[in-house]
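Listed next as structure tokens is one chain, alone, in the form predicted alone.
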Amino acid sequence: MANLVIENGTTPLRGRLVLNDDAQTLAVEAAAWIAQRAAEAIATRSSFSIALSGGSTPKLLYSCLAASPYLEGIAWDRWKIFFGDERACQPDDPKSNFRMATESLLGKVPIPARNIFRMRGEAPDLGHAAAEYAAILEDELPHVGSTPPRLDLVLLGLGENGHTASLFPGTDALLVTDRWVAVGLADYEPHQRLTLTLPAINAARDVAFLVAGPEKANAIANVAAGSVPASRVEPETGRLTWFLDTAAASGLPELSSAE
């Protein structure tokens, strides 16, 4: 069932769904899609801005992008790298999303250091770090007045409890409507986080979820039911795409009639 594409409205998930056999195939398909999106953005606007996600499935994706044909074929000098969230830790900590992205992608492709904007999860005052990162987004991305800065693409994962980025169930960060970055609170260590807010995510031209594994099937079902934070990701004028493997998609029994 590699790369079965299901368009909007066929399943309870809002957006376009790309279904793959396993996490590796998912990563390969997502890499091709991102390369195409990047080429279109660069041709139209001379640059491509992307917010990276942490997690094992994005790590597979980053490894694909750092290899042929993308290593040689992508205009990496036109990419601007941002992050969807970061843990409260040093950038070289094994838990750091920045470290994972550096080891799997950023340290292997010729992206200028000036085009990489990391969240300062090690900052003693995370509230200040959140405001600082929001200002960077406003400086580096297009926006009008008080509207959120517009990323070309936001990559997201999905936790078993339905969280995405570091927007966890029942936390204050979910309620933020007038800021682009907030302090998040996870239900596992490290608890303190920095995260893009829903307005910043929903302003993007494209938002893509990367979700794999049977442990995510219940979370996918809860997203479809509208009962978890990830359900609130609804790009205002952009496109929403779900890259799922068959194990994660087993939470959507409706797919059996869509094939």
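The structure displayed is predicted, hence computed values, not measured ones. The numbering used is simple: start at 1 and walk along the sequence shown.
Unshown form predicted together with 6-phosphogluconic acid (6PG); subsequent notes refer to it.
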Assert contact residue (6-phosphogluconic acid (6PG), in the predicted bound form, non-hydrogen atom within 4.5 Å, options S63, N218, S231, S56) equals S56
Note: exactly one of A165, V154, A182, M119 sits with a heavy atom within 4.5 Å of 6-phosphogluconic acid (6PG) in the predicted bound form, namely A165
Just checking whether P148 would be counted as a contact of 6-phosphogluconic acid (6PG) in the predicted bound form - the rule being heavy atoms within 4.5 angstroms. no
With the cut-off set at 4.5 Å between non-hydrogen atoms, does A130 touch 6-phosphogluconic acid (6PG) in the predicted bound form? no
**Message:** So, A88 and 6-phosphogluconic acid (6PG): in the predicted bound form, are they within 4.5 Å at any heavy atom pair?
**Reply:** no
- Taking 4.5 angstroms as the cut-off for heavy atoms, does L158 touch 6-phosphogluconic acid (6PG) in the predicted bound form? yes
Counting only non-hydrogen atoms, the one stretch of 221-229, 187-195, 65-73, 33-41 within 4.5 angstroms of 6-phosphogluconic acid (6PG) in the predicted bound form is 187-195
